[in-house]
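Given next, in structure tokens, is a single chain: the form predicted on its own.
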Amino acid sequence: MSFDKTRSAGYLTNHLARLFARRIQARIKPLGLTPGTFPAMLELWTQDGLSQGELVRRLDIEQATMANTLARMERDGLIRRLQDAQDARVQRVWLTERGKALQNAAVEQAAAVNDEALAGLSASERQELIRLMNKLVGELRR
């Protein structure tokens, strides 16, 4: 059976993700962020104080990967983990002042990467691409 990677949604999505990650890494590295920490930061900038389990579910990553990512983020002074007031088994993840202060600069850099990548598309093509990508995410989350 022949495989044409230029017609494979999975292959192209994976390739595109690597290209985006490379571009975003170059832009957020000076801020002390990585492509691995950036998604967690986006979630915490939206809702601070999430549990590790909530982050795992929102980001669709493995528990061990999230634990390692949070350990690095804590080491780098981006977050602190505190025991939940109602359930001692749960630790809540809170942004530090340093972590909070990075939001605007990091989001601006991510927006710039998106603008570069989508520059060759019309406004309607951009909307359709995002709509279809969200649809695929929903399908694969089921």
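Residue numbers run from 1 along the displayed sequence. As the structure is a computational prediction, the values presented were derived from the model and not from experiment.
Absent from the display: the form predicted in complex with another copy of the chain. The rest refers to it.
With the partner left out here, another copy of the chain still marks one of 54-62, 74-82, 92-100, 26-34 in the predicted bound form; by a 4.5 Å heavy atom cut-off that stretch is 54-62. The closest non-hydrogen atom of residue 116 lies within 4.5 Å of another copy of the chain in the predicted bound form. Proximity of residue 39 to another copy of the chain in the predicted bound form falls within the 4.5 Å heavy atom cutoff. Among heavy atoms of residue 50, none comes within 4.5 Å of another copy of the chain in the predicted bound form.
For the chain shown alone, residue 123 is not a contact residue for another copy of the chain in the predicted bound form, no non-hydrogen atom being within 4.5 angstroms. Along 123-140, these residues reach a heavy atom to within 4.5 Å of another copy of the chain in the predicted bound form: 125, 128, 129, 130, 131, 132, 133, 134, 135, 136, 137, 139, 140.
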